[in-house]
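Shown below, as structure tokens, is a lone chain in the form predicted on its own; questions about how it binds or moves come after it.
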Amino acid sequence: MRSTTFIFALLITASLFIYSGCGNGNSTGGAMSHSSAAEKVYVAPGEYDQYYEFFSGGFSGQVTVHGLPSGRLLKTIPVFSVDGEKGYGFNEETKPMLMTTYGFVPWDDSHHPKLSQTEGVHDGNFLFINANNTPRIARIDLTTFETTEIIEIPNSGGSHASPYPTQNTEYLVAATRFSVPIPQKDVPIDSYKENFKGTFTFISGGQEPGEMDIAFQILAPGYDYDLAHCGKGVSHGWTFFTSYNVEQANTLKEKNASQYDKDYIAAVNWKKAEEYIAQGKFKEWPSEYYHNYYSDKTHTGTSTKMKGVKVLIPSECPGLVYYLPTPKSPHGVDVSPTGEYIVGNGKLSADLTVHSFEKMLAAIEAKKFDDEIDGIPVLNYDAVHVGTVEMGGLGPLHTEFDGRGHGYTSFFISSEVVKWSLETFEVVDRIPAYYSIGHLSIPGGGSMKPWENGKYLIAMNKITKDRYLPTGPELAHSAQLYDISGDKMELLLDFPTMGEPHYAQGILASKIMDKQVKFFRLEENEHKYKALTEADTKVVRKGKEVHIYGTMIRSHFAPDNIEGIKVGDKVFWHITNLEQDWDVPHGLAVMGANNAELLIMPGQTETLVWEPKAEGVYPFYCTDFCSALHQEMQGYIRVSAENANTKMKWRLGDEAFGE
């Protein structure tokens, strides 16, 4: 299995050719005429885009929502990073969402947004996305476009191969990108082969808000598991994970993890896992992890420490996991809409390898095994291989499908999208990307029924020199929109994205837009510190803590004058937005607050903590332009010396109150 022949020189040479030969990027490079392309992406003022497209924010930790075909940015959704615009991670209600076993973690690296599915079709209920650094999976509710649940993944190092949903979102799956000692312990790094392991994690509750939990984990050999895809149709009940570094190297992986000709795709039979769990054939590991949930009733997040994980050991559970040999360093593993074909994208190969699920089952039945690793049979390559897309390009990463019998693969080194036939495995078209394309997305392309049989394709590119106005050393990453409705792909549009989007998924707008929550009903507000009318407003001292029960409505705060606060107090501003109209949020900013503003939706209550450091009179105001008298929506809070006898009192107009 060993080979000392590398293709690094070829890849570097090809890369240099690409970057020196692409010109200044101003040519259309396979695009239509400018006027024809513009017509295809034009969305007139007042009209809606046909699709929502959800992009990972990469190192920003967020999700961005764009409309297609216009490319317009519709919203940034805070997920794994604090956000000053919305107060996410700063206000008291959302701080629990970022709790982990490592404490409050205000940043992460978000990679793969995935839409919930019913019967293999995106249903428009939820979006899930992974955190790669501190392993977590988040749920975004698509009625509010807000993060409502985050679960931490124990026994993992880098949750890259996640959060892929099964056909009915029975599970969200994840795997370790970085194998680590499991359970964690102090061992020499050079003992990698003896002590480092990986895990496959299956999370339940994908369609039940507030119920996400670690259903079970499977212990795996200590490789690096890169990406995943769940089976569908005929392969429903299986999940496929790519791996690299079967050499189990722990240094200079760019060389030492490429010694073998083949790495593996791990095929996991999760229905068999359910049988073993029901039979009690699992180990109970005392792992700890956090489950965080935000309720739209209480408008508050809670954080709960969970303990204990069920772990299956493949050597004790025959038929649970199999390895499919695949050209080395595969990145993506993608499953065709019928579930029959499993496509491996070996980054160090010029070819695409296609495995057959039917042949895999036959090979398992006939015991066509070439090896066994920690109780996991290695299937014979020829027994599962069904076809090869030859000389597709350099550096294949990811494949999507159009529902018309074609696969589309991104090639990082040769910077192109290649279209190929699922029937003949022949290349039928190719088009340049600008430059170094990573993943690509066809709306619905990862499901059993791509929307409109593949109308658009999005390329997510890593390098954008010459595409936009220069902005210093760092440039915006580029998304490129292609028309794939005809025989030939046609470039329509470039638009910039946040951070480094690793993946995106799209869905017809009609599946989501009519589900939108437009405001929160005041009568359903169960926040502990709500004030549902101006008559409910008050200021309460509890030792050094002061709680302000306030309200806001166009165009004033209640109360808007507050006295009796002292240096050294910890002031909790609990503010309820009394509006019951769509799209009338209000903001709260207080001079000297060292966190962020609050941005409060109609009917919602949020809390800002303010600790005054010096005597004086400090203004507070609304940060969101809400009416013609927005500038007048302001107030004052008086801060006295720590030992002052200033009485607590508050007022709104002629009405004054006090303790």
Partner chain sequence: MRSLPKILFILGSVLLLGTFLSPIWRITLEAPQYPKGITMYIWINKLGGDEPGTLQNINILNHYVGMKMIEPESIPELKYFPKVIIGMALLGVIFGLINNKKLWITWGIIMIILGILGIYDFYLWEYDYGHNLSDEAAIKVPGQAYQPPLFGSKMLLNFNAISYPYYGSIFIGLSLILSFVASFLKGKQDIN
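Bear in mind the structure is a predicted one, so any value in this text is a computation, not a measurement. Positions refer to the first chain, counted from 1.
Form predicted together with its partner chain: not shown, discussed below.
With the partner removed from view, the residue among T338, T143, S295, S555 that has a non-hydrogen atom within 4.5 Å of its partner chain in the predicted bound form turns out to be S555. None of K185, R521, K307, K528 but one reaches within 4.5 angstroms of its partner chain in the predicted bound form through a heavy atom, and that residue is R521. L578 belongs to the set of residues with a heavy atom inside 4.5 Å of its partner chain in the predicted bound form.
Although the partner is absent here, S627 is a contact residue: one of its heavy atoms lies within 4.5 angstroms of its partner chain in the predicted bound form. The stretch that touches its partner chain in the predicted bound form, counting heavy atoms within 4.5 Å, is 513-521, out of 345-353, 228-236, 513-521, 359-367.
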